[in-house]
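Form predicted alone, single chain, as structure tokens, below.
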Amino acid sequence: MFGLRKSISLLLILVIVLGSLLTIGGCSSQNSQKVLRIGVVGPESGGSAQLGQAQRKAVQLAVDEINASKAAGDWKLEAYFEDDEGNPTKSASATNKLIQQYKVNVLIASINSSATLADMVVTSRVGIPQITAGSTGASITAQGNEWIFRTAVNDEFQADALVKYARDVMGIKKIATFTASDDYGQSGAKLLASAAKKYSVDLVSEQTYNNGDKDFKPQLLSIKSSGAQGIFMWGLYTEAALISKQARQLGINAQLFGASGMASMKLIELGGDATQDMILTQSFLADSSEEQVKQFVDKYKAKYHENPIPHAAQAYDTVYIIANAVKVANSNKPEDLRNAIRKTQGLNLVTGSPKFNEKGDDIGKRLLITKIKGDKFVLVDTVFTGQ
């Protein structure tokens, strides 16, 4: 009897052990999926919400496509989103949350340059690769930070291209700058001044404003009295629309210029007739004849029932760059991802063929100089950033 009980006990122990092993094996099988977690930070509310919302939509579109087509090989991409409202403090907090709570391996962050500069403190400290698909401030990639990359076009290149176009094509000899007082705007102001000196264009007035301001007439009257033939704005679309309206109300007929930070359909919607013929730089036009662009626009419109803006196209390309990096590295370790991103080549994407220089800037982009005509941005010139 004792022997029988002993045998039954041993059998029960064996069953339990085997069950445990099967459970462990089952868990291992379930957890064998290679996962890359992407954190995404941007302004999904506040004054630049359209930019952050477009970034979110494009990132999710790209993630879904890549997972369905296995474009990242055995790796599955997961995206986690946080709204920073365009605020640097909130952006840094959102970045911390994504790293600590969601254990992300790489970040797409952020859109406002001041927010990206705040995020960089966090990502460089912990050693996580960060790509900004929207921030163009020159200082972002001028600090020797080995963890930062940018798929938007550096402001330095934009300022140079705009001032050169104003002089060579439009014959403008006197310009004024009207820039936001934040990091993005003041970086632009310095770059415009440098470009004006380079191309022997007289900078006759330098004005600033605070984000959220409503009355720009004092600065505009100073610009009017300066005799400026062109006004170069550097900020976001909300203030740019108001500046355009008030400039026309004051009888200022100077040519208006703007950088990619304000290149949004909201600018035309809010500014109306006052924005007509404004010249802006950007990296993407939805009605381009480029095959890669047409395919992206069709997929984006089918999913979201609207045309994508440049910030969407840049974010979409950024996810494909990350997917290529994890496939090449076959690792989600931060250093491996960073090294693979830095060596990106051979991709034909919506905004160009990405290639990063030693600072982390994408020098494989097409910079488009566009003009507002009706409710559209119309291409007037193309400059290649790698030249």
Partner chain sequence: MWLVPFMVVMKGTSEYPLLFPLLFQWLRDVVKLQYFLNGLPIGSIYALVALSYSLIYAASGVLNWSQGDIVMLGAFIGFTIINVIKLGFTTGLLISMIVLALVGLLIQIAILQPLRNRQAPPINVVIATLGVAILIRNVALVIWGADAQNSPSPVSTKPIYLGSLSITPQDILILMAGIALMVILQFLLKRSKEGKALRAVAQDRYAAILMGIDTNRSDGVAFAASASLGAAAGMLVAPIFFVTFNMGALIGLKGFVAAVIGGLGNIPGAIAGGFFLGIIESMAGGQISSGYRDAITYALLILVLWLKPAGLFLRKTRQKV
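Positions refer to the first chain, counted from 1. All values derive from a computational prediction rather than experimental measurement. Only the largest set of C-alpha atoms that superpose within 1.5 Å between the two forms is called the rigid core.
Just so you know, the form predicted together with its partner chain exists too; it's not on screen, but the next bit is about it.
Contact with its partner chain, judged by heavy atoms within 4.5 Å in the predicted complex, is confined among 244 to 252, 168 to 176, 284 to 292, 313 to 321 to 244 to 252. Listed residues Phe149, Tyr300, Phe257, Tyr237 were compared with its partner chain in the predicted complex; Tyr237 is the one with a heavy atom within 4.5 Å.
Of the residues given (Glu78, Glu269, Asp277, Asp202), Glu269 alone sits with a heavy atom within 4.5 Å of its partner chain in the predicted complex.
Contact annotation: His305 falls outside 4.5 Å of its partner chain in the predicted complex, judged by heavy atom distances. Shown alone here, Asp74 lies farther than 4.5 Å from its partner chain in the predicted complex, counting heavy atoms only. Residue contact check for Lys217: one or more of its heavy atoms lie within 4.5 Å of its partner chain in the predicted complex. The closest non-hydrogen atom of Val126 lies beyond 4.5 Å of its partner chain in the predicted complex. Superposition on the rigid core between this form and the one not shown places the CA atom of Gly144 less than 2 Å from its counterpart. Shown in the overlay between this form and the one not shown, fitted on the rigid core, is a CA shift at Val126 smaller than 2 Å. After superposing the rigid core, the Cα of Thr179 is displaced by 2 Å or more between this form and the one not shown.
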